[in-house]
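Taken one at a time, structure 1 and structure 2 that follow are two forms of one protein chain, written as structure tokens.
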Structure 1
Amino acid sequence: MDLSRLDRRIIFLIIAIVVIVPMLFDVTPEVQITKDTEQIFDAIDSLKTGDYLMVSFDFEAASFPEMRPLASVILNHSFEKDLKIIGLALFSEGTAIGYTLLEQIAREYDKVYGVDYVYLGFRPQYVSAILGMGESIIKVFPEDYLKQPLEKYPDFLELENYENLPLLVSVADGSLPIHWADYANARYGQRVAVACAAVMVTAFKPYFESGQLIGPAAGVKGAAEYEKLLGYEGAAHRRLFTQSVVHLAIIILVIVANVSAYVWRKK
């Protein structure tokens, strides 16, 4: 049997099994902290109590399972440090997700809306929104997600534009951090840290190397490393075992395909 021409449905079935079965076991593998995750952790950790931190939920509903642990560790860290969080979304689908997550985690830390955090909601056309906030945040977001004028929150009035913002974190599943780098960093000198989907790391690498972006904490592994830095083992740790098994399964499949193709060519 020529295994190198295996029906794709069999491959799909194998992947389904190797994803589902490891989830049944409670195994938390040992995580090594990388310098990338350490960079974004340090950037947030170096902020002082009461500093502003903008968190942009730049992802869509589809990638929520991968992005949730990342967004959670960032928010946990920020609330622990008593930073003033300004949430927003540049994808419409991330709007409700970002708000729900922010509310949930804020409740765990007894934080008050309008005092410790606000949620600006969504603006279409991310390029103009990013550029617009460099001029005036209140002009781009005259009202928050709850339809209240921003003037209602005196704790956030000092934040006029990027000038009073020591750090911005883009929690992104796609290429939006590049736009943050191109427009907020290059044009306004805004420091931008990134927590992104694992697949995007290499795309952003030149920006991290040049210092235009900070980080990244990437994917479930990045979230697990961040959890370790915060001193706990959460959801990301539990998912890592499944990820390891799937990676191994794909490697075995590739080896099987190559060996089989070689044997059949010989025959």
Structure 2
Amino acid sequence: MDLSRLDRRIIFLIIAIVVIVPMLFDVTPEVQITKDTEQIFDAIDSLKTGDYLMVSFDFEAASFPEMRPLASVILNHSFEKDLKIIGLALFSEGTAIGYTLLEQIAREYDKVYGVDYVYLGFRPQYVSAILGMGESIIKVFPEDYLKQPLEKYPDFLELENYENLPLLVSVADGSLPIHWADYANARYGQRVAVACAAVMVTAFKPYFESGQLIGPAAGVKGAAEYEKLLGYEGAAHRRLFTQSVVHLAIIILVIVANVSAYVWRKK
């Protein structure tokens, strides 16, 4: 039988089984912390209680399964440090996702909206938004996501522009961190850390090496490393085991299909 011609529905079924079965077991693999993940952890950990931290949810719905663990560990760490979080989104799809996730984690820490965190929402034309915040954040976002004027929240009135922002974190599945580097870091000197999809690491490598970007914490593995730095094993650890098993299964399928195709042609 030529396995290279196997009905794709059978392949999908095999992958589904390989995904589901590992999730039934509480297996958390050992994780080695990389220097990149440690850099973004240290950048947030160095902030003092009450410092501002801007978190930009720069990803779309399709990548949410990979990006959620990363966003969660960043928010968990920030709330544990009692930082004042300013959330926003430069992708329209990430707007509601970011707000919902921020609200969920804030409730776990008994944080109060308008005192411990605010959510600015979405602005189109991300280059203009990034540049505009370098001059005045309140002019770019006169209202928050809930349609309330920012003047309503006195705890955030001191945040005028990047000069009052010790650190910004872009949680991204695409190339938006490059724009943060080009327009926020290069022009205004804003420190920018990155938590990104694993596939994007090589695209950002020159920016990390030059110091324009900090990090990255990358993919599910990066989130698992960050969990370890925070002292617990959570959802990212469990997903990492499932991801590893699936990758192994795909490699085996590719090898078996190629060998079977070669043998079939020889016959």
Partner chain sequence: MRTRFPIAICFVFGIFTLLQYFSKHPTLTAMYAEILDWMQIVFVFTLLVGVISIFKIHSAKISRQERDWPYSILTILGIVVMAVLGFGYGTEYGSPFLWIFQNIQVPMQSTMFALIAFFVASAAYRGFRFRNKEAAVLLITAIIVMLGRVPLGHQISDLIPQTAQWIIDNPSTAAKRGILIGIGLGSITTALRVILGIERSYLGGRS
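Rigid core (definition): largest C-alpha set, two forms, superposition within 1.5 Å. Here, residue number means position along structure 1's sequence, counting from 1. Keep in mind the model is a prediction, meaning the values are calculated, not measured.
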* Structure fact -> Between structures 1 and 2, the form predicted together with its partner chain is number 1
* **residue 247 CA shift between structure 1 and structure 2 in angstrom, with the core used for superposition** => 3.1
* To do: Give me the C-alpha shift of residue 257 between structure 1 and structure 2, core superposed, in Å.
  => 6.7
